[in-house]
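Given as structure tokens, the chain that follows is alone and in the form predicted on its own.
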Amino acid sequence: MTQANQKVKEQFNHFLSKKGLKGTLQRNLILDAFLDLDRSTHIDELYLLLRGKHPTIGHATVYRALRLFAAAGVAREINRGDGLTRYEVASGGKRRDYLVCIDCGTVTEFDNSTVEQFQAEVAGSMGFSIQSLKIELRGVCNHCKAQQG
């Protein structure tokens, strides 16, 4: 387990303790699977992944756990306009940049250090402290462009 993942687990357990909630085995299994993905996911994807290893886990349990992760501040909800709520680890300053196809809904994550440097310069010049970064470019992917002729 990485040090960052350990910090997330500690933050979540602190949240549970503060709220008088228990750190159950199922919550821990779901959190571990969520952290291991290291990318955004939606409930159905995470549920199917967990169900393969833990057949007794329920869809509602995964849903409630993800909502609890968001309430604890260890996950962030993402809505990309495709009807699915996705979740990603909410880590300060981590870049999240996406290309989103408006036809098929394909989402591709990308990194660009030039853009990141520019954002940091702009924020710094305005005395702004960046907590998270996200760019979402919407357009049409190569596959859909080819189908359009």
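From 1 onward, residues are counted along the sequence shown. These numbers were taken from a predicted model, which means no experiment stands behind them.
Although not depicted, the form predicted in complex with the DNA is the subject of the following passage.
Practice problem: Just give me the single entry in A70, L99, L84, A123 that has a non-hydrogen atom within 4.5 angstroms of the DNA in the predicted bound form. | Solution: Of the listed residues, the single hit is L84.
Quiz item: Within a 4.5 Å heavy atom cut-off, is I57 in contact with the DNA in the predicted bound form?
Solution: Contact check for I57: yes, within 4.5 Å of the DNA in the predicted bound form.
Quiz item: Taking heavy atoms and a 4.5 Å cut-off, does Q119 contact the DNA in the predicted bound form?
Solution: No, Q119 is distant from the partner.
Practice problem: Verify the contact flag for R138: yes if a non-hydrogen atom of it lies within 4.5 Å of a non-hydrogen atom of the DNA in the predicted bound form, no if not. | Solution: No, no contact at 4.5 Å.
Quiz item: Would L21 count as a contact of the DNA in the predicted bound form, using a 4.5 angstroms cut-off between non-hydrogen atoms?
Solution: L21: contacts the DNA in the predicted bound form.
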